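The chain below stands alone and is given in structure tokens; this is the form predicted on its own.
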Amino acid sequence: MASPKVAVVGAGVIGLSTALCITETCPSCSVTVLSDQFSPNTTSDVAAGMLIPHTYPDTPIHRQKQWFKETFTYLFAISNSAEASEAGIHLVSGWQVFKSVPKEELPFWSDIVLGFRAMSEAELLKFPQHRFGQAFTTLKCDCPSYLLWLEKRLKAAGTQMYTRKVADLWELHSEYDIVVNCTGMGAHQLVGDKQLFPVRGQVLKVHAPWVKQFIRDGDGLTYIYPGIHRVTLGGTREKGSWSLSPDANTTRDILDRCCSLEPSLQGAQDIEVKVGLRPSRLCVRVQREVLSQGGVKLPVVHNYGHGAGGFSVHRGTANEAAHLVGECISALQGSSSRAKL
């Protein structure tokens, strides 16, 4: 068959990185990204972009670890290159602290981040409310910069990008051979996925350039993540809430919680409030499917449902989705050659 036409629907970090992986692994493909929103208006633009994995209850741990390892390795190479500043990727060291010793003192990702160790008693003196902690170095993405960097890479590879609202994947069957669904929360309506639910996150972006170390409470609710230009303070995890409006009481609560971990944040300036809906499932959906209507078939690859952990595994799931696109192409080429017989 001629050059297979692939449409990637969605332009957050999952959509753009999946499109990039497809161009790298299937160079004969013609790839187009379709989305009603591009940066700076995606959910990914709100994300803190810290590489600390979220655990998906129904995804095997070995698969999650592989996704995280591939993502860390990919971003570490960028952070070690001349592209680091433009891509908004840098190393950051800090602490994850707990009020009681966690069941799992060594998380599954402890051998992938750098220099993972238990905190010393001297370090714990900084956190009088906490009894146990872990120190390590990981990577952080400045998300809007990274999304623009991905877009630039895609354009250089010849990928087309169009602002378009896709109401039904089937509407693409006459234009494209394969469709890749990276619509995040949009998949709730687009493919009727009732296992997908929003987890509302409100964060503050502040000017506090003296904060150099990340600090994260072990419950994952309170965190201080220094970026290149701003420090992200969080957060909330409001399951089932669809509200994108900032809440003033929540802003005060986040500031209070973060100041209890890092009192110097009382001097933070220029507070900007952001809200995003994390597209959550018990299991990330990275899967092939064939839609059919009246004898016509449309191969679809799904890659969505990353919840709070999208940045930590984005490159790994994009690699897997690109591999599935390769399988779809092989199947199409097989059927077209049989048709010629």
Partner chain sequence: MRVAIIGAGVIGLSSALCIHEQFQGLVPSLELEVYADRFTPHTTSDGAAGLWQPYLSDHGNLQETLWNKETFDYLLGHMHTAAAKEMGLFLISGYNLFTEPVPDPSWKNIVLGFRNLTPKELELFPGYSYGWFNTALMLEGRSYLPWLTNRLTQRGVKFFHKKVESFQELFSQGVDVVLNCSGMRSGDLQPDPELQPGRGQVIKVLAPWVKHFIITHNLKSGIYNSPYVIPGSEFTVLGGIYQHGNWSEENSAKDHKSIWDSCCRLLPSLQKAKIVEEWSGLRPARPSVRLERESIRLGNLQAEVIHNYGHGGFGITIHWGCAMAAARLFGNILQEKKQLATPPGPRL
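Bear in mind the structure is a predicted one, so any value in this text is a computation, not a measurement. Residue numbers count along the first chain shown, from 1.
The form predicted together with the partner chain is left out here; the points below concern that form.
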item	value
The partner chain in the predicted bound form: contacted by all of Pro107, Gly240 and Val284, heavy atom 4.5 Å	no
4.5 Å heavy atom contact, Gly192 and the partner chain in the predicted bound form	no
4.5 Å heavy atom contact, Trp95 and the partner chain in the predicted bound form	yes
4.5 Å heavy atom contact, Arg164 to the partner chain in the predicted bound form	no
4.5 angstroms heavy atom contact with the partner chain in the predicted bound form for Gly227	yes
Location of the partner chain contact in the predicted bound form, chosen stretch of 165-173, 78-86, 194-202, 99-107 [non-hydrogen atom, 4.5 Å]	78-86
Gln129, Gln269, Ser245, Asn249 - the one with a heavy atom within 4.5 Å of the partner chain in the predicted bound form	Gln269
Among the candidates Val113, Leu148, Met185, Val206, the residue which, in the predicted bound form, approaches the partner chain to within 4.5 Å (heavy atoms)	Val113
Partner contacts in the predicted bound form for 44-62 (non-hydrogen atom within 4.5 angstroms of the partner chain)	none
